[in-house]
Structure formats: structure tokens, C-alpha cells
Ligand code: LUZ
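Quick setup: one chain, the form predicted on its own, written in C-alpha cells, and binding and motion questions come after.
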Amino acid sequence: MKNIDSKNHVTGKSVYVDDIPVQTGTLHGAVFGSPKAHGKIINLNLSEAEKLEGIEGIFTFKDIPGRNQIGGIIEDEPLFAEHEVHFLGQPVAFVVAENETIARKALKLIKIEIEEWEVITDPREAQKKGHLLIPPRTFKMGNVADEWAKCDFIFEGKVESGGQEHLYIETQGSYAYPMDNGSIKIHSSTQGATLVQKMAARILGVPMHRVEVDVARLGGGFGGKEDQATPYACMAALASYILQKPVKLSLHRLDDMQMTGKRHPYSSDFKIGLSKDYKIVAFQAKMYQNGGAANDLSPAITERTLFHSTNAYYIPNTEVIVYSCKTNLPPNTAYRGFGAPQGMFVIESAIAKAACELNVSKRMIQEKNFIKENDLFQYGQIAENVNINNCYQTADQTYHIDQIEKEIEEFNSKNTNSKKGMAVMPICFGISFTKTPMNQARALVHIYQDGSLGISTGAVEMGQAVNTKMIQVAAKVFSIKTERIKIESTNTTRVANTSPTAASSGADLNGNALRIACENLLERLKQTASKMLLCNVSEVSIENEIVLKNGKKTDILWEQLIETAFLDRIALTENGHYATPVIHFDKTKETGHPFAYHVYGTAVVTVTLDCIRGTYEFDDVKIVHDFGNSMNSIIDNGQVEGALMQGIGWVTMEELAFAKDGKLLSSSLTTYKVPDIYSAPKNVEITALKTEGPELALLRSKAVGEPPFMYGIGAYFALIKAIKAFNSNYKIDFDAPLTPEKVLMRLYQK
């Protein structure tokens, strides 16, 4: 089935927050952010701005009727700064005017005096000074301290991985207006409708049932709208609630880039020990996570880094610690992979260091250490249905890795100013929210009298085609045409207490809730059909909108069955509830079974490097991916391709730069570079691993949103191989992104 939204997207008919037809009298907002990264507010003067004609109100923390707090995991983030500011761009006031032009003009008239304090942007410096968001967390297995003496080879190193701007096409935005009885409705560009509802209710000092949040779709999210959409929805809601008028807010791109958090940069140290036969005996890492000025989702991202710090390998003795460091940057947040890429990059760097020092193939070390069936992950979960070796072997058989290496050696021997490099990137990614209670979902299904269906779930459509998959589920259960089914917007009044669409779990959780609702309705319809046919329910089935008795067609069609059920007063509405079984995790012991299943895969990445200019082109990315039993290969392949490109961008060109005073220097598309068509690999091949999908995946089709992002990491290691082929003096290091400027410096390193 094709993506149901594609045609409207490309013809401009899809409605986003900024496209919603506004009510008469709608006001427009603009955010006044702190011009300093850290300090005490001495004076805030709004008088000149308030005098401007067309200004309807300027709101600060003093105007909040409820609590000035939007922290989700830990309550450490005010909606508006009160007496201190902790990052440049931190919201201090919200200006509301007759139009956006007036609102933005008023921003320039606001005067603020700040007593400046020390600004810290480096996580290692923050850790030294004891500036942590949460206490450090450690995952251990075996006894690392005792095993170093048994290792034949020991290597140490340092790893830097940069942040990443989400750069969703649709910036943060919301539209709020009053409803009856003191209620308010918010249209928000958010991945977490319930979080917006909860925080808006907290800010306004009203019960959650007085706040309705509606999400039609997002113009991209990638994690950047899981928590970070909340403040902008709350600001619009606050002004609308107080003024009793509609209020709209859509951030300008430059404001969005300056004010919002990014992927967490990490600075890490590793130590790895191997035996003579290249088995990894011990692995130790200290990771310094740059969390920014408030927790946001840093505690959960810390956790997923730990879960994925050994990637697809079994290492009997590990000790990995993550320090979540408080700095004077915007609170960093969720991003596709949610901390796993940062953890995987460290272990892959450690293996690359060992391979280089030992003058052996990195993939040989990788292959020798793949996790196997019934091995233990370092968090206590037993490895089941392990497909990493199958993925690697399939990649080898399909793409002939040895032959690729020989061709690269031959090319490098014949070319002086161009060199090629290749890397293999295996992945192992756990599927589920690591906070167990979040693994639940609900769905509401209406069958109307004419046989059409309306479906509401908690899944947010943001370009990943989750709506299409929801239609597939209902169509499959009822065996009806997809044209009969409509997916409603995500709405907290229709479906309450939703988890955010994140952690690659949107389809699994909401799709299984929908499946349960549809199956319950189907059972009722079969009972109606059995009465019509004077037979047992077990004899009835529905196929292609026709009722069958003992596998043979009858003259009862779908519309007639629905009409009869309605006339018999059979309930044609159903709620489905799904909670992922089996999973659990004890944080006091750092052990458990946190994931429903794992996704595996292998990518073979090749690059050609221009050794005069430091520029490069990726020739091929050849992937074997563990889709399970893909329910939609077109959509799933598209997710792999998009995630791959985003991953390549992270390790090669997307470089965030901050000044010492905390100002974002890479604050526009002239200074922050994302992959374009010229950056894409010349060839991408995706082979689906032949395997039976797990029962806990939706229709046995594995989650596919985040895991393929990690394939992009292979681009980094392919590049350093090419650099090494040109400059034998190059001491390999690990500092991503590896931009052309950095490449050029390494090509001529002495």
C-alpha cells in the first residue's frame, strides 16, 4: 500500500499548524529569549513594548495562574525564566499582538539587564565542577578490573561525537483558542499530545480534561518535538486562556535553531582489552553527555546510551558510566536513535583503534564478537532470536565483501590523489520505551451505518506513514477495502493518556491497540452473521467484504452485515488497549528485560576521497536489514534510506558550533550544513533478511524508524580508512563529524 498522505504532501494540500484557517480576531505571538547564556535578571522593562500600538499583552512567569514548570521527567525547567537565565534564548517573555510583525517589533523594545555569570558549554568541565543533571549511571557485567591482566592487547582512546540539529521542515508551532466552560483547545506540532495536555494544564492551573490537544500531522519531528514542542504550546495556551482570544505561534527558522535543544554531544574515554584470538575480553567507557541547562529527556537518553554501549557484541566484562552534565546550552533532547548512536560510536571507535594498532581487519574483530543466541546483554536480558550473524553473512554472500576490499586495494594502488575506504557497520537496537509504563496505547474505532470506519489512535503522523500502517491493520482484520477507512487526527479527548510517538514504537503500540479493537468488533459482527446464516460463529468468516460460511461465499455483503448489526443494536464502537507484555527493568539493580525484541542489520559503506581537496563521495551503501515480516516494504525501505542519510550527515558534515558565551554560531542554513542530493550515496541497496518476525511486533513487522540511523556511522570509519590509505602517518582519531576541513588536516598530518 502506498503512503496515503504522499499526494497531498506534494500538492501542498496537507494541513499543518500554520495552515489551519484562523478564527476572526486571532492574535499572534513572538518569544523574547534571554540575550545571555547565564546570569541573574536584575531588571526586565516591558514598558516601551507595551506602549506599541497593536500589542494585546506581554506575559512573564508572573502571569502564570498555575505552576511555572514544564519539566517532564524532572521538574527543573520553567516555562519562563524567573530570576535567573541558564541558556541563550531561554524564554523570558511572550509577546502577543494583532499580527506577527507588531509582535516581533515589540521584542526589540524589551529591555533586560542581566548580571552575567560563568558560562559552561563543555561537559567535561561541567562534570569536574560537579554540575550534573542527575547522578551518574553505570552498567556493569563481569569484573572488568580483574580481567585487564588476562588481556593480550589493551588500547585506550578518546571519542567526540557532535550534536545535531533536527531541522524538521515545519518549525515549532501551536494554535490555541478558548472553548466552552473554561476549556481550551490547542493545535500543536508535537510528538507527545498528552505531554502538551499535561503541561498546559499545569501552567494554567486547570485539570487535564479542560485542555484538548489535537495533532493532525507534523512536518517532521525526529525527536525534536517529543518534549520541545511543549513550551510553545503552553505559551499560546497561556495567552489564549488569559485574553480569551485565539493565539497563534510559529517560530521563525532562526529562532527555532537558536532556542531549541539538539542531539546530545558526547565526549568519551574508552579502554578495550582483547585476547590473542581477538575476542573482546573487557570494555570500559566513561561518557560525558552534554545535557544542556535542564533535564528534558537527558535521563532517558542516558539510559538508552547505556543499553546500546556494546552494540551488536557480546563482551563478558563491561563497565560503562554516563555523566549527564549540566551546561549553559538549550536543554538537549530526543533525536532519532535517542542516545544509542552516541554509545555505538564509542564501541565501534574502540574496535577500530584495536584493529589499526594490531594491523588487522576491523570487520574480523567485529565478526568474532557478535552476540549469539542465549548470550547475556550487559543489562541482564537474554539474547533471543539473534539475527546479527545472519545479517552479516547475508551481506557477505550478497555483496561479496572480500571482493569489494580487493577492488579498493587495487584502486588505491593505482591512484595517488584519490583513495577509497570501506567499513562494515553492524547494528543491534532494542525496541520499547525503556521506561516500562510508557509501553501502552489505546485505539478508538467507529463503524458507521454505511460500513465506513473512523479510527483514532495515539500515533502521530510525522512523515513516517504510521497512518498508512494503521489503515493496513484495520483493512486486514476486517478484510475490507482501504477506501472505507479514515484515520482521524491524534486527539487527547478521543484517545487519552497517550505515549509520545517515539522510540520506534508508534506502530507497534498503537497498531496492536487498534488490532485488539478491530478483533473485538469482528467477533461481534461474526455473531451477527451467524444469526443471519443460522450457523455457529466458528463457521463464519469475512473475506474481501463478503461473509463466508465454512469457507464458501454467501450473499451477505459488508454493508448488509453492518446494517443488520446496527438494527440489532450491536455496539459498533470499540476501545482497544495494548500493553507490551514481558518487559520490565529494575533501575536499582540495572538489570531486567527492557525490550520486546531487537532489530539487527549490517551495512557495507564505501567512499572515494579526493585527497587534494579533502572532499568525498559515498559510492555505495549496501544493507541487509532485519525487517521481520515487513507489512509495507515501500515505506520501510524509505525509512531505512532516510535514516541512513541522517546518520551519514551526523558523522560527516552536520557540525554545531557554539561560542564561549553560549551563542549558537551555526544558526542558519548558511553555517549549518545538512546532506543534500549531492551528499547522497551514488548507490543504496537494501536487502531484507529472510526471517520470521517476532510475535510482539505489529503483524510481525519490526519497527524501522530509528535502527537504520546507525548504518550512517559506517561512513566515518570508511573515511578514516581512506585517509589512512593516503597518509600512513595518520594516527586515527575519533572526532565526529568528520567534515572536509577535518579530513584535509588529517590527510596532511605529519
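Each residue number is its position in the shown sequence, starting from 1. Keep in mind that this is a model prediction, so the values were computed, not measured.
The same protein also has a form predicted in complex with the ligand, omitted here; what follows describes it.
- Although the partner is absent from this view, residue 338 contacts the ligand in the predicted bound form, with a non-hydrogen atom inside 4.5 angstroms.
- Of the heavy atoms in residue 204, none are within 4.5 Å of the ligand in the predicted bound form.
- Although the partner is absent here, residue 326 is not a contact residue: none of its heavy atoms lies within 4.5 angstroms of the ligand in the predicted bound form.
- The closest non-hydrogen atom of residue 438 lies within 4.5 Å of the ligand in the predicted bound form.
- Contact with the ligand in the predicted bound form, defined as a heavy atom within 4.5 Å, holds for exactly one of 432, 311, 298, 260, namely 432.
- Between the ligand and the residues 304, 86, 420, 217, the one pair within 4.5 Å by heavy atoms in the predicted bound form involves 304.
- Heavy atoms within 4.5 Å of the ligand in the predicted bound form are found in one stretch of 570-578, 502-510, 173-181, 668-676, which is 502-510.
- No residues of 537-569 lie near the ligand in the predicted bound form, the criterion being any heavy atom within 4.5 Å.
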